[in-house]
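Okay, here we've got a single chain as structure tokens, the form predicted on its own, with questions on binding and movement later.
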């Protein structure tokens, strides 16, 4: 962002040279307010369910289950945060997750289906497969100039169709037992390994976005891609990296799913892309780009996870969770648009 500020300052009048930093400060305040309100909503949901069913809901066992259930979605949502901050979108993550899980399972079985050697080979194959789909998305968006919505909608069908062709539409089973017993249901000091993996991904993503050049470039491109290009940023190359990151993390989520359920669950991830987008937007990331944090995404991920868990405990049909999350998502985007308009009016004055 410093490079972008210097170029902008050099091209504009002195009176306007300080505008970028002022705008950035306003955006930071806006993001902090949004994340705070989202966190308060999350606390309110937790308090409500705890008040209704304290002994069933407010237990360490239940919170552990919620965290484990949300782990795969959180991994996907971290990658989606980077994509949406660049003003892009990735609808293919659920299908890429399935495809990566299928490739990983097939490789494990081909090697022998047992032992950590087969698990490691499957892990590498799954991550490579996910990253490859991400690179395809990035290249089509940057070089072919196809809108991200259309590109990732197309690769959504391609990745899922490829997984179905490879498996014949039947879930792959028989993955190494160590994968399930150790990573899938195993715990370290009472914390499931899948939660530890998701927490590590979240921490690395947060540091990368907030404290590295890669993160600064991501914000710069989302704020103004042309200005970022003039500042010397290779926008196309960076966008390819961002989409590759999203694919890589979708592949990792595929491994987490494979470990938890000991099968590829081909039909179980059809709404993961929309759930990830909803979580990112609920966490304060703007669909217009340039604004967002991984911390906000974490809060956004746990809103639907806790709603679903609480509805199950209360005996309410889980379909109401989709209604509630959809309503909150629309309200969040509407508020984001109102704040954006207010900011633009303030800048014109």
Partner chain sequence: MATTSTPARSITRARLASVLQGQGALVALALLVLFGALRYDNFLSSYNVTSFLANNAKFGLIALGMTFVIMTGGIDLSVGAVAALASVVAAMVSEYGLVVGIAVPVLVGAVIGLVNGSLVAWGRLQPFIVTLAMLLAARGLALTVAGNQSVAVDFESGFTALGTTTLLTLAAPIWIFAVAYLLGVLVLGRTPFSRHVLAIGDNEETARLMGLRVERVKLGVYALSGALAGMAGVLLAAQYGAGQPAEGVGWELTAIAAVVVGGTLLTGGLGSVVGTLWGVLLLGLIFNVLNFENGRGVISLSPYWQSIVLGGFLLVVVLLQNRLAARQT
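Numbering follows the first chain given and starts at 1. Keep in mind it's a predicted model, so treat the numbers as computed, not measured.
Keep in mind the form predicted in complex with its partner chain is missing from the figure; the text below concerns it.
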query: Option touching its partner chain, based on a heavy atom within 4.5 Å in the predicted complex, out of 224, 162, 208, 263; finding: 162
query: Partner-contacting position among 107, 128, 231, 146 - heavy atom within 4.5 Å of its partner chain in the predicted complex; finding: 146
query: Contact flag, residue 181 vs its partner chain in the predicted complex, heavy atom cut 4.5 Å; finding: no
query: Partner contact for residue 169 in the predicted complex: its partner chain, 4.5 angstroms, heavy atom; finding: yes
query: Non-hydrogen atom contact residue 245 with its partner chain in the predicted complex at 4.5 angstroms; finding: no
query: In the predicted complex, residue 154 touching its partner chain (heavy atom, 4.5 Å); finding: yes
query: Whether 59, 187 and 295 all lie within 4.5 angstroms of its partner chain in the predicted complex by heavy atom; finding: no
query: Segment that reaches its partner chain in the predicted complex - one of 320 to 328, 295 to 303, 66 to 74, 47 to 55, heavy atoms within 4.5 Å; finding: 320 to 328
